[in-house]
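Here's a solo chain for you in structure tokens, the form predicted alone.
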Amino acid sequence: MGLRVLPLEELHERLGATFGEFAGWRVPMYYTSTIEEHLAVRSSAGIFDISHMGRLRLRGAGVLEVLEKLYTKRLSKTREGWMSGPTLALNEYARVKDDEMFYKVSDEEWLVVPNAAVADEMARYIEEWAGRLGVEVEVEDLRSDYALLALQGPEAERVVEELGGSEIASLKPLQFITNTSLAGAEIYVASRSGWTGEDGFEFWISPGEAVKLYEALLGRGVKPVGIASRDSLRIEMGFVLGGHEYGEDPRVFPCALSLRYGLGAIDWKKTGFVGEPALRACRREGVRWVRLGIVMKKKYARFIPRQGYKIVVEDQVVGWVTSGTYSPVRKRGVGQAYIDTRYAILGEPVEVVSDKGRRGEAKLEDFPLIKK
């Protein structure tokens, strides 16, 4: 089976994108350079095409009952016109199936963005549980109807204002509106949200209108940004990615508590959700591993900690790298790692050991790994 293709692929080809594969999709990795695009998002504004992500619409009288069963956050508290999340979907072993954001359109209509690698699986999972609970839920896959664009960076609000989007620019963080427009392009959903640690907006928009909006943003000096810098941006902030920081296999990934996800992703007053017994057992018994940041020492600035590299203290293996990259802000390699709790002391020096035995000195830091 070949790679799936983004609806705006022709536009990306015209812009000179270098393509790669991510979660079964052919995606633009970068246009000029990962570092240049990364710094554009941190200092001004960049536009991502993230249409590889899932886009589901859930409708029916039983939607909330299913969501409360499957996710660790109390979604019933969400107001209409607001997003809720991130929240976690767990399996019975308290390992993470996915981390997701929800949009509440009404009590009986919700939108959700699953991660690309599990979008189809999560749609089936929600349908399965609706059947098991005996409630009415219609699950619609909207990926063919709408592209998904993310405008990110400290200049994002100014750009939106200049393009006539005062209604969008006035949104508060995690607030959204439906059926609006920007730069003459009709938008199904516009939200003040993102995954870079910067201010920004995300748009669910039909492919034809998406080209119009994308080109209008380029005309205002917004830089096209690829998936490679999306990854480096999220690692700097300590944001997690499935298959790296979490997954379902208990032989590979620690309990969800070890993620130190924060952001209210787990509501400990909530009961009855999938994976709760194992999660509470993990909390009672304590965790062996915790997720922390690692930052290479200046002497080893070009040493990039890659997934699977060992973390060593006094020749003892005390953890492993889950994600790593070069940080254009810190000007050195940074990463995320699971560390044995007995050695998880912030500021302590550690060694990172590559698959080939190369060693680099680093220290343990908390997230985010850059100062805002």
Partner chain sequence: MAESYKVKAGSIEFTVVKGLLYTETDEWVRLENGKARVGITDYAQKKLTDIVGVELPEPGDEFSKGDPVATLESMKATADVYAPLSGRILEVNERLYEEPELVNKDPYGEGWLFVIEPSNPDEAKELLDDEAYVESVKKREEGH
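Remember, predicted model here, so these are calculated numbers, not experimental data. Numbering follows the first chain given and starts at 1.
What follows is about the form predicted in complex with its partner chain, which we do not show.
- [ ] Quick one: find which of 24 to 32, 343 to 351, 47 to 55, 313 to 321 has residues within 4.5 Å of its partner chain in the predicted complex by heavy atom distance.
- [x] In the other structure, the partner sits against 24 to 32.
TODO: With its partner chain left out of view, choose which of 232, 87, 78, 193 has a non-hydrogen atom within 4.5 angstroms of it in the predicted complex.
DONE: By the 4.5 Å criterion, the partner-contacting residue is 232.
TODO: State the residue from 70, 63, 339, 304 whose non-hydrogen atoms include one within 4.5 Å of its partner chain in the predicted complex.
DONE: Only one option qualifies, and that one is 304.
Open item on the list: When the contact criterion is heavy atoms within 4.5 Å, does residue 14 count as touching its partner chain in the predicted complex?
Closed with: Heavy-atom contact with its partner chain at 4.5 Å: absent for residue 14.
- [ ] Output the sequence-ordered list of residues from 316 to 354 with at least one heavy atom within 4.5 Å of its partner chain in the predicted complex.
- [x] Heavy-atom contacts to its partner chain in the predicted complex: 325, 326, 328.
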